[in-house]
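Before any questions on binding or motion, here is one chain by itself as structure tokens, the form predicted alone.
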């Protein structure tokens, strides 16, 4: 993004914080990216990732974008508390490195440009949890803290997350230049689109007749696949504004997110979302609405409305296909080519989801227990009893279980059943686990952040010594409120 020039980004130095300290360092990611050891060790690295200095060659810049927030046009937004330090050529490809919470920028509006320890821990942990689940996401390199007071709902302390991604370009970047009053708006829109295509889709086939329609189509498909993955693990983003949507189909900006506890399709995780726009079951439709906004922004380049609508169309089929395969995989069932058999499997799946919703069964625990039970065809086994224990209506559960067992026996797919433990995680970042880590860190003890981080890196493993992290949430967890300041 920094390479695009002054119309897209503004140079601004980070604002130093007093007494910076390490909260967490992602040494594994640093090694994967081939970063010098001193980046995550010592006083120089601490200074840089706290916004108290820059290494030679770094140039901190904030980018401008616009967007729709909660369905309404919000006008100019921009990196109000994020600063790009530039790009790094890693073995995994070129990555942008960004500080979040390093002080005011020209786009901070009424904000202070800071992030607090609470929200920074949540982003640090959740971005790595998503990576552990195999879901496209930005990554967290490290987390630093400072006693600097920051006022949100209450007085808290400052923190800075250093995060990486191939790009942080959002739908809102395109919306900004498409709605720019300047005569150069379309010129800059084209420059941005050409930059994205040449730098991030260089291995893809693009139509020479209309590369911008092809770009929209590819973003539609990657976004559809991302939404299906979110739904399959019960992830609620909480604030799917167009400025929080990645042009690369990454999970971007961790604020009022939540993984479902009980399966409630209408669950609203964001306390600020009074209308429930971003409820769990609305996420796929909201993503399509956001893509429509992106299509409108690209219209000066695509020019033909029919082409734009045609480029959006694959979203529906890609999401439906990816969602169905994801959930069938969770059941240990291979997708059938015969339409009648495929229809039977989809009915079996939908009936299960309705059963889970009726009792708001714990989403993660149910799927994990089912993964252990499915290879055992004896309904009376202890593994199957553990699944039955999560239901109140034993009759309804028993009827579904018998149909499921019959399905596994009449059209067996042993490999898919064995792989259930690799698609149904044992560990997710539940709100109460994050809250426990936050409360400890506020007292200067970051050990719980480290423990959670290690579990979430490999969420499909048993980690038998940490069984309590996979238990049902305590009653007090229902009272945790997360909002846009989270």
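From a predicted model like this one, the values you see are computed outputs, not experimental measurements. Positions refer to the first chain, counted from 1.
Only in words, not in the display: the form predicted in complex with adenosine monophosphate, which the text now covers.
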Contact flag, residue 79 vs adenosine monophosphate in the predicted bound form, heavy atom cut 4.5 Å: yes
Non-hydrogen atom contact residue 321 with adenosine monophosphate in the predicted bound form at 4.5 angstroms: no
In the predicted bound form, residue 253 touching adenosine monophosphate (heavy atom, 4.5 Å): yes
4.5 Å heavy atom contact, residue 113 to adenosine monophosphate in the predicted bound form: yes
Region of this chain that lies against adenosine monophosphate in the predicted bound form, out of 391-399, 71-79, 199-207, 284-292 [heavy atom, 4.5 Å]: 71-79
One residue of 329, 108, 90, 179 in contact with adenosine monophosphate, assessed in the predicted bound form (non-hydrogen atom, 4.5 angstroms): 108
Contact assignment for adenosine monophosphate in the predicted bound form, among 453, 427, 39, 65, heavy atom within 4.5 Å: 65
Residues within 4.5 Å of adenosine monophosphate in the predicted bound form, restricted to 126-152 and counted by heavy atom: 152
